[in-house]
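Shown next are two forms of a single protein chain, provided one at a time as structure tokens under the names structure 1 and structure 2.
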Structure 1
Amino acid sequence: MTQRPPSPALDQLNKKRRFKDRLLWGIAACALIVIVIPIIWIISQVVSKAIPHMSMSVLLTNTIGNGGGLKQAIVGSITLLVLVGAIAGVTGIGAGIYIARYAPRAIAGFLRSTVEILAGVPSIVVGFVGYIALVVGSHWSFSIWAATIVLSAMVVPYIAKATEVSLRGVSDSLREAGEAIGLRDSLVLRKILIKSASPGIVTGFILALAISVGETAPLLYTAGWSTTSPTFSLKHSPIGYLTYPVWTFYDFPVKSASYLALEAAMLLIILVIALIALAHLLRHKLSKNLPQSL
């Protein structure tokens, strides 16, 4: 190899190139910080303002007017979480299975597009339609049922998409091996496909639930608001939920009201982070001992 003759111009150029390189990564690192800052800022603001007013009574008493606790809202949010989990979970996972495994190519492509488009429909539009069609149109009033259906319509696409992507990610060799030893179709689906895809499905499912628990706009006009614990009647009876006090009370000029808003915000953050942690924990647990391929 020949020694390159020293060239000040080239050195200059290289220096410039190296500088540009460093600059890029410096800016990129700043971009990462920009992602992290709001999270820390939001969470620390909410938590530091809410903590001084937190006590067990917040969890154990119902809201009274614009004061009191948040018991019924917590119970309501969890009720909705469970119902949406059941309805959207079954629908979304089923739809994902159909698209990934059974649907003919053309139909699969079509349904995949519908799922993506449905995911893109703004939540307030879903809520508005729910209000017109269910709350008023079907005379259900503000009700658990209307809220559940609207929330489910919003999160089904996420679950379906996660299911489909995870199922398609299962290595073909695994599936073919199952089929080759003569496993019935339903067993291939259950023991091979769903089992291998379960980390992805479960994560997608739980993250979708985390999104549903933080919805406000579609609930304002479907769930209404209640200061009593949810009844078992699915229609005609409004239900409390945690996002309502945040929106309604945050700028209310009464101390007890703004405390409620902050406490509800803090509980929401805790709930969401707990769900995300749960998703990761389950993913970790489920993907252990799982053959990636043959």
Structure 2
Amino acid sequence: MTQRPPSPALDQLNKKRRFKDRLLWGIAACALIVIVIPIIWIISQVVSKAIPHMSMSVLLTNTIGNGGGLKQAIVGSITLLVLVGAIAGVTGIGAGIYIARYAPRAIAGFLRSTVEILAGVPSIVVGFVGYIALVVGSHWSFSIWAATIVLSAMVVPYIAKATEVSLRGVSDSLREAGEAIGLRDSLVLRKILIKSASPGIVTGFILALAISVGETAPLLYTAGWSTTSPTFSLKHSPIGYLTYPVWTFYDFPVKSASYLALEAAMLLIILVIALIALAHLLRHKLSKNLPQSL
């Protein structure tokens, strides 16, 4: 059978498509460069200025006035990370499961819109609401629990959205197969749906924690600042955190204070990069255990 030569019109159409494809790829590459170059520049500036002054004493000494170390800030940030992970993780994953699996269609649509709206609320607004409701209204003053609740409220929408999208992306055939062999709904959810959606859920959860660890405004409103190790009292228990030295000391005329700001910024960068790397590692590990058809 002889092959018919392409018509001039079809050839012209293919050329236009290839041109549009290359143009869009070029625009996407330029957009990526515009985003990546400033990030690389900022990170390189912080690291290059912080490393000459970095020492183990920074990690083992509390902040004293405008100098000292960042021990209590490191401990405080990690403590908040763990508490927010526990509270926001349970709440966000539970909300995502309810929206994706159990909520009636009208309620699910309303909750989905609410989650998206809450995710777009500026962090300083959430912090101010927490200040009015908890620090002032409940007479807690600055405390670790006020900060935990506010940070959890900030990241719950991200976790809920990641959980819902991941569950809705699981093939219906897997759910139907579990139901066909007589598994209870709770077992279908736990053994099939959540397991299959776990890469997306875990990734969204860890990236939400990475967002929380870099927040400043909500903590200024709720956590205050402390130069001692954190306590877990409900009231009057301010806590240190790494974003405070960056915000407070970066333009101090005292060199020891500006060094602390740079060192705290570098530790935050390391912590965020570690969380992102952990998210990708866990996603890859969990994805390997899924059926090839997913």
Partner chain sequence: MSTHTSSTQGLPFSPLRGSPLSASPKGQLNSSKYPYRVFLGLARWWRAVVEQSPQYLSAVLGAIPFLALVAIVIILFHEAFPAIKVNGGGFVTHSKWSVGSEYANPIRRDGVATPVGATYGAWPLILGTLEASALALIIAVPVSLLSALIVVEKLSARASRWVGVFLEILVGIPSVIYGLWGALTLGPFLAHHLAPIANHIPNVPILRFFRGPTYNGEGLLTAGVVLGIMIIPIIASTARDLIRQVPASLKDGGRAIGMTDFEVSRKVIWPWIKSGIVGATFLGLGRALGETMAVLMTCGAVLGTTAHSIFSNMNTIAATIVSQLDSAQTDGTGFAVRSLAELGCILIVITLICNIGAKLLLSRATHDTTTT
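Counting starts at 1 with the first residue of structure 1 and goes up one by one along its sequence. We call the rigid core whatever largest set of C-alpha positions still superposes within 1.5 Å between the two forms. In this text, all values refer to a predicted model and were calculated from it rather than measured experimentally.
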* To do: Only one of these is the form predicted on its own, so let me know which.
  => 2
* Single out the hinge among S186, I35, P253, R105, the place where one rigid part of the chain pivots against the other between structure 1 and structure 2. => I35
* Structure fact -> Two rigid parts, one fixed on its C-alpha atoms; the other rotates between structure 1 and structure 2 by a number of degrees, namely 27
* Quick one: how many Å does the C-alpha of G26 shift between structure 1 and structure 2 once the rigid core is superposed? => 5.0
* To do: Would you mind giving the Cα movement of L13 between structure 1 and structure 2 in Å, after fitting on the rigid core?
  => 13.6
